[in-house]
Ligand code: NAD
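One chain comes next, on its own, written out as structure tokens in the form predicted alone.
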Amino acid sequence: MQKNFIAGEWLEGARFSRNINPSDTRDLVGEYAQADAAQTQLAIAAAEAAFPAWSLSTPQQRFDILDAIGSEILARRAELGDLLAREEGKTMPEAVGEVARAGNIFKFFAGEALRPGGEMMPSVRPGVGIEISREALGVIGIITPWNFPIAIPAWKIAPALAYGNCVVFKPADLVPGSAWALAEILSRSGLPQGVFNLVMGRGSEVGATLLADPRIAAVTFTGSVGTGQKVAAACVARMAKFQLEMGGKNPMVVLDDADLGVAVNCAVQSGFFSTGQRCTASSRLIVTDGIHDRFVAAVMERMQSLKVDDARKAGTDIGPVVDQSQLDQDMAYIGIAQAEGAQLVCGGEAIERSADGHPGFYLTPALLSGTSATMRINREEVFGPVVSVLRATDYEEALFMANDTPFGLAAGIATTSLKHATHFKRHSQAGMVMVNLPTAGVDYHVPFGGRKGSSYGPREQGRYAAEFYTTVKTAYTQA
């Protein structure tokens, strides 16, 4: 059994969970300890005790540790990628790519530790100097989802440590393997005791304890809208800082002048790869009249060539859905869309076994056409390989439809018109906009986040991460 990591020691939990391979439900990835409220409080106490010294550690010390973590992750990308694919269901190329991203994130924030920045300026009063600096917050509670089980923890843990904070990390119950492997690397990195702590367990116990404890200075959360709202309410109640990354109902606009091949690639990559289980997935394809029929036909042709199979098998394009609950949700939304008048023109079939006969949670990518903006399929996040098509008369209507959503994470457009591309970048109500590119695939060194119901608080990743993980201090000195 793999244990929790608290105060520099590996500790058994109050119970354990079984980690199942969604490509082959007979395959037990491992058994992982689950912390309870008391053990979570022990981790918080360890982080609080470690904070004074760690917050005053040198930039060089933090650089050396984070850089070494990144180097080990990159050196072990094939091994860690295999574990990720096995427990979450990403294809091997996607899983290895995610691990590489995690390694690069640690290396990027190693560099940021050496670039803390600051300002000096004169006061309006003679003989008075002003220093503006950034300081660590304290203990950061980190709560991550199952769909990117090593990259998202990396882009939260690395900046937290780089800026001098201590961490209590709770990964999603479904994917403890990647989180534990990352924690094991951190446990040997030279971090002082208590600076980093791993508490695997239920949200109702571990997560609730993190949210309620006054020693937690800030909480960064990625997950569902409903849970995000609970995180916000709990943090506001005790005036703790919080950062939320939640859902998306991202549009991909396809204009009449688009390169058809580019548009199809953007749609298929955005909507179906990673089994559509990405908050940046384009689940709404908004297509203008002149290209609509050709585009839908071309997407269907491309979809029929996609191979749905075991995530770790060479040649697989689409792996399984993460678990039975998610598969049931995907199928339910397909049924709801059809009941509301949408046509299922391709896919949407649950498959009980892989090509080799392994029982798993497989679903052929689904394309729904003839949908309207008021249908639930176009209002609510499905979080699976389920994509709807909406018809627009022109660019202006397409833009309106793209923005007609309670979410605002990512948006894309396929067009050869500089005029429309430029206008869309400015007027799209999304935090991230892609032109002739899939909506999924944001670089690790740039800010990540959205607007409206998708995100709350400062951006993640890149140098903008400092806005959340530090607080600004203004100091005056009389000469």
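Numbers follow the displayed sequence, beginning with 1. Everything numeric here is computed off the predicted structure, so don't read it as measured data.
If you look for the form predicted together with the named molecule, you will not find it shown, but the lines that follow are about it.
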- Have a look at 296 to 304, 334 to 342, 198 to 206, 282 to 290 and name the one stretch with heavy atoms inside 4.5 Å of the named molecule in the predicted bound form. 198 to 206
- Message: With a cut-off of 4.5 Å between heavy atoms, is residue 51 one of the residues that contacts the named molecule in the predicted bound form?
- Response: no
- Contact between residue 106 and the named molecule in the predicted bound form at 4.5 Å, heavy atoms? no
- Message: Test of understanding: in the predicted bound form, would residue 73 fall inside 4.5 Å of the named molecule by heavy atoms?
- Response: no
- residue 383: touches the named molecule in the predicted bound form, heavy atom cutoff 4.5 angstroms: yes
- Can you work out whether the named molecule is within 4.5 angstroms of a heavy atom in all three of 147, 211 and 246 in the predicted bound form? yes
- Query: Only one of 364, 354, 227, 269 has a non-hydrogen atom within 4.5 angstroms of the named molecule in the predicted bound form; which is it?
  - Reply: 227
- Here the chain is shown alone; which of 171, 141, 89, 251 has a heavy atom within 4.5 Å of the named molecule in the predicted bound form? 171
- Query: For the stretch 47 to 82, which residues lie within 4.5 Å of the named molecule in the predicted bound form by non-hydrogen atom distance?
  - Reply: none
